[in-house]
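To begin, one chain is listed below as structure tokens, in the form predicted alone.
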């Protein structure tokens, strides 16, 4: 068993970066994730030699990630909604150049500068490719402080496996809450250099080029086809989800991250009242668990999707179920977190009552 601690989500994420052998972090403070930079500045350098730098902006930070990743280093950044928006151009470059890195979005309410309260309005930006071009991020959605730890380690493994950026899409509530976590043991920083990295030409060695600029359309298409082949492999092998009470379920509650936590409690209350409710929580938002929803849809009367937004993941749920069951949505926006009782009340009025 690893070390057990009571930690805030943002600090657990930061500690996981250190223990995962991260070489460098480049970021810029923005609420509700500013503790990440503060924790790393206090803890990281003396323990592992990890480079910690507050960039002059999020635009600068993502381009520093681009450069360090191009040298074969294990690198990560974090931000919150408006800051992630500023990183989109750089993320598209990193995806095209096929460089591994991890970033976390501690989502806050928007649009605009919005509020510092937790929200889930960045789903479409994360899973549909927020920048330009035909690229995807592999997106992990934690629903606990423990998963903030686990998904840093997993994120680096997946980024290096597929040579591309991985996003941890979380929110201000999980970033700020405190829970017991089990930390994995310290991993050494890697000393081996990937053969694709730009580390300076050595005698007898071919030049290494990293770029996202491909002027010839035939070359650009080949790059795109290579990327699409990787995304296809992700869809086939990297889908992750959690299910509860599906065996006898007549209804399904679904949500991700903080929304899933609320759904779980609403499901428990509903079962106490005699409703046969099951639960699906996507852990990977891309690749999305399409086959799971498709298989459950003909077996249930309705699916209720709960999000802290105007309805974003629900579009993927609807597409996955292919019209074989009723799909309803309940959401709150602007940083308001729904109560489990509120969700169950909606379920009883709109789904149970609506079916009569």
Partner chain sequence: MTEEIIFAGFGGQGVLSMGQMLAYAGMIENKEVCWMPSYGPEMRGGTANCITIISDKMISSPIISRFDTAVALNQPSVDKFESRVKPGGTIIYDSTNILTPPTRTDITIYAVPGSEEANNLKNLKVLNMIILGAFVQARKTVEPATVMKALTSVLPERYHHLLPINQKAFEVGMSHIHN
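Numbering follows the first chain given and starts at 1. Only a predicted model underlies this, so the values are computations on that prediction, with no experimental measurement involved.
Quick note: we don't show the form predicted in complex with the partner chain, though the next part is all about it.
Novice: Taking any heavy atom pair closer than or equal to 4.5 Å as contact, tell me whether residue 118 reaches the partner chain in the predicted bound form.
Specialist: Judged by the heavy-atom cut-off of 4.5 Å, residue 118 is in contact with the partner chain in the predicted bound form.
Novice: Can any non-hydrogen atom of residue 176 be found within 4.5 angstroms of the partner chain in the predicted bound form?
Specialist: Result yes; residue 176 sits at the interface with the partner chain in the predicted bound form.
Novice: Can you work out whether residue 340 and the partner chain are in contact in the predicted bound form, taking contact to mean some heavy atom pair no more than 4.5 Å apart?
Specialist: Output for residue 340 is yes: heavy atoms within 4.5 Å of the partner chain.
Novice: Can you tell me whether residue 255 touches the partner chain? I mean in the predicted bound form, with a 4.5 angstroms heavy atom cut-off.
Specialist: Taking the distances in the predicted bound form, the answer for residue 255 is no, it never comes within 4.5 Å of the partner chain.
Novice: Spot the stretch among 159-167, 227-235, 258-266, 213-221 with residues whose non-hydrogen atoms come within 4.5 Å of the partner chain in the predicted bound form.
Specialist: So the stretch in question is 258-266.
Novice: Counting any non-hydrogen atom inside 4.5 Å, which residue from 273, 128, 180, 276 sits next to the partner chain in the predicted bound form?
Specialist: By the 4.5 Å criterion, the partner-contacting residue is 180.
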